[in-house]
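Take a look at this one chain, the form predicted alone, written out in structure tokens.
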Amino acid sequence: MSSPRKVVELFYDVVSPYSWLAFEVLCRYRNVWNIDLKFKPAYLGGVMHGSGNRPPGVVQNKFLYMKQDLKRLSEYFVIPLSPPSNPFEAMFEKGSLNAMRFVTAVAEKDKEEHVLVEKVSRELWKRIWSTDQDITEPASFTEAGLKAGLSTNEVEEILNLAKSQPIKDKLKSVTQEALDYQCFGFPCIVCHVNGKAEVFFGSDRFELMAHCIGEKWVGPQPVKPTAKM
């Protein structure tokens, strides 16, 4: 008799490049490990404020390290990470509140399958962290949505939904959920094991996470890719 799948929740924000790394790795492993992967789009700015944390962009040495770190991680994880021309502006001045409201609206329409929220999140990550494009304007969300497979009518409906109070409240609620797990940044991965929540921060804890859920980490690509991202 096979054991039940363990629920693994990924709290993320598309403004976070490290969240993109964790997202892609968990997507690669969801059919390798015995897990039920749940996407939890949340607002990183709210988690940073609520936890009293400071982003690496406001600490000069951390910021310089992050630029080099992301280059190495891009090669290791085989993810086309390329920082925007002005990372500080993209991450801290423009931010991601509207983007995450859009992703939350997609998630609400895609509660059962999680296919669309995965594709839309990936397209937004590619815009900011691969092709140096905007993720704050409605036109940007429209382009990302269309590339993810949504129809024009569906995108328009989701854009309107993203402005609604229920979606704003939902994003706040999931962000608070992350804070309740004592998250202080993203990605935050919560593994539910034997009735206990095991919380992992960052994109470099997969080996330990695998140990906790009774699985094996075999590197960033458990299955040889057949096509480029």
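Since we're looking at a predicted model, the values are computed, not measured. So that there is no doubt, residue numbering starts at 1 and follows the sequence shown.
Just so it is clear, the following notes concern the form predicted together with a further copy of the same chain, a form of the same protein that is not shown.
The closest heavy atom approach of residue 73 to a further copy of the same chain in the predicted bound form falls within 4.5 Å. Proximity of residue 161 to a further copy of the same chain in the predicted bound form falls outside the 4.5 Å heavy atom cutoff. Within this chain, residue 52 lines the site of a further copy of the same chain in the predicted bound form, having a heavy atom no more than 4.5 Å away. Taking the partner from the other structure, a further copy of the same chain in the predicted bound form has no heavy atom within 4.5 Å of any heavy atom of residue 27. Taken together, the three residues 61, 198 and 217 all lie with some non-hydrogen atom within 4.5 angstroms of a further copy of the same chain in the predicted bound form.
Of all the residues from 180 to 209, those having a non-hydrogen atom no more than 4.5 Å from a further copy of the same chain in the predicted bound form are 182, 183, 184, 196, 198, 199, 200, 201, 204, 205, 207, 208.
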